[in-house]
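One chain is shown next in C-alpha cells, namely the form predicted on its own.
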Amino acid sequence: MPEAFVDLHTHSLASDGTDSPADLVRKAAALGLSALALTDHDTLAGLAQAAAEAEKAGPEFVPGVEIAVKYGAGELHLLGLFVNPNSPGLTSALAEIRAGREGRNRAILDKLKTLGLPLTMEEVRALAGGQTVGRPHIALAMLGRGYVRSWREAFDRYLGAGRAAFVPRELPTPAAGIELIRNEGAIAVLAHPFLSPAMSAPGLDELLSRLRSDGLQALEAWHSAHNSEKIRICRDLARKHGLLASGGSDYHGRNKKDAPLGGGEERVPYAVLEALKNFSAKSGQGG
C-alpha cells in the first residue's frame, strides 16, 4: 500500500492565496493527498466551503488559521490546527487583528506614494478577493503597475522588514497568540521557523525554550523553505522540547510559486497528522 501524505499549511482566496477554498480541496484530492488543512491568515471565512468540498472530494479536512505575533523587532507566525470554524470568540479576535492590518496597509501605501509609487486601496482590495488584505496584495498591485518585475522584488526592495515602505504591525505577544489558539481548543504550532535566513539551529533552540514555557505545542518541521537538513533539525528540536512535529507546504497558488501544494520532494507523511490527532484526543485540544 502506498504511503499517504498530508499538507497542513495552505492558503486560499479567503486570505492571500489564489484558489478558492473548494478549488484548493479539489487540487489536493487530484494530487492524492490524504488530508489537507486550510490555514488562512487572520480569518476563518474559507473553512466552511473547504469542509463541504472535502466531504465530496475525499481528503480529510483540518480547519486551521495562521496568525502573526510580535517577536523582537520582527514577528513569528503561529498556526492553529483543529480550530472551531464557528467560534464567536476567535472570529471576534481575528476581526480585531484584520482591523490592525487595515491601518498598516494604508500606512504602507502612504510610504509608497512618497517614494513615487502611488497605489489606491481599491486596486489592492480588488486583488485580494477575500477578507484579509495584506502585503502580498500590495506586492501584486505593484507588479501590475510595473513598479517591480516580480512579487519577490516588491518585498526585497520595498515591503520586507527594514525596507523603504515597511510598516510594523501592532501584534499580540507570543504568549497571547498561543493562549488565543489554545483557548479555542486548537493546537498551537510555530510555523516555518527557518523561513527567516537569520534563524540558526541554536537560535531556534533558544526560541523554542521560551515558546514552550508560553504553551507552544508543536513545531512545523516540513515546509517549502526547509531542506532535509532543516527538517531534521526541527524534528530533533521538537523532540528535545517535548513538542509535536507538523508540516505543510505554505501553498498560496500563483502568489507563491516555490511552494507547491503537497510539498516538493520532502512531503509530510500521514503519521504526522495521526500524532496530532492522538494528542488532541488525549488532551482535549483540537478535534
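Bear in mind that the values here come from a model prediction, so they are computed numbers and not experimental data. Sequential numbering from 1, following the sequence displayed.
One more form of this protein, predicted together with a small molecule, exists but is not displayed; see below.
- Just one of Y147, F82, W151, F194 comes within 4.5 Å of the small molecule in the model of the complex, counting any heavy atom, and that one is W151.
- At a distance threshold of 4.5 angstroms between non-hydrogen atoms, Y158 is out of contact with the small molecule in the model of the complex.
- Of the heavy atoms in R101, some are within 4.5 Å of the small molecule in the model of the complex.
- Within this chain, G134 lines the site of the small molecule in the model of the complex, having a heavy atom no more than 4.5 Å away.
- The chain is drawn here without the small molecule; in the model of the complex, the stretch among 180-188, 101-109, 116-124, 202-210 whose residues come within 4.5 Å of it by any heavy atom is 101-109.
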